[in-house]
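As a starting point, one isolated chain is supplied in C-alpha cells, in the form predicted on its own.
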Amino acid sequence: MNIVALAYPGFTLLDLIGPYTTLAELPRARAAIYWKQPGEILTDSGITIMAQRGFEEVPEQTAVLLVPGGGAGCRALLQDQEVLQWLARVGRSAEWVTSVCTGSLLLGAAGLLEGYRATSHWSAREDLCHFGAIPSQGRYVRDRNRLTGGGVTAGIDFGLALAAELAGEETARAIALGIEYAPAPPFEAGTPEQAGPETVARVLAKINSR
C-alpha cells in the first residue's frame, strides 16, 4: 500500500505528520515523503525533515496521494508548474487523492478537485471555488475518492478516517488507541464561531502578514 506524501519548503509540519503517523501504522503500508529531489526540507516552523524520494521515483501503483498545506510555501507552489503537473499525474491514478489544510488548494490548482466537495483551513476554504471545487465545511470531507481535511490538527481526524476506509474501522480504532488520540482541549477556540470575532481578526492578521 504505497502512500505518497508531498513535502515542500515552508509546508506546515503537523499537516503532514498527523496523518502520516496514522497511515504508516496500516498493515502493508509503505509510506514515503517526496519532493523534486531527495534531501532536507525546511518547514514553516523551522524544523527540517528529509524527503526520501524524488518525483521520478513514484511507484506505479499509489494507494494514497497526501498533500499538506502551508502559508507562503503553499502559495508559491500554486505557480510551480513542475509540482502541479506531478500532482496531476500522480493524482490521476491514485486510489485516494487527499490533503490537509491548504493542501487542497494545491490539489485544486492541479485540476484534481473540479466538481468535488472539499475543505481546507477555515481562512482559505472559499478559495477552493477558484478551482471548480465546492467549498464544504467539516473536520474532513469525503467526495468519492477525494478526502480533504480542515486546518492543521484536523489531519489526525482525517488520517483516522482514511485508515478506516483503507483497512476497516477496527484497525483505525487500534491506531487511535496506539497514539492515545483522546482530544480534550483546555478551551473551545478551534473554530471561528468558538473563538469570536476579536480572536478571528487577530489570527487573520497574522496569516495575512506571512
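Note that residue numbering begins at 1 and tracks the sequence as displayed. Quick caveat, the model's predicted, so the values are computed rather than measured.
Unshown form predicted in complex with a further copy of the same chain; subsequent notes refer to it.
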### Query
Though only this chain appears here, would residue 141 touch a further copy of the same chain in the predicted bound form if you measure heavy atom gaps against 4.5 Å?
no
### Message
Can you tell me whether residue 62 touches a further copy of the same chain? I mean in the predicted bound form, with a 4.5 angstroms heavy atom cut-off.
### Response
no
#### Entry: Proximity of residue 58 to a further copy of the same chain in the predicted bound form, heavy atoms at 4.5 Å
no
### 4.5 Å heavy atom contact, residue 145 to a further copy of the same chain in the predicted bound form
no
### Query
Should the three residues 76, 111 and 117 be counted as contacting a further copy of the same chain in the predicted bound form, with contact defined as a heavy atom within 4.5 Å for each?
no
### Message
Within 4.5 Å of a further copy of the same chain in the predicted bound form, counting any non-hydrogen atom, which residues from 183-210 show up?
### Response
183, 184, 185, 186, 187, 188, 189, 190, 191, 192, 194, 195, 199, 200, 202, 203, 206, 210
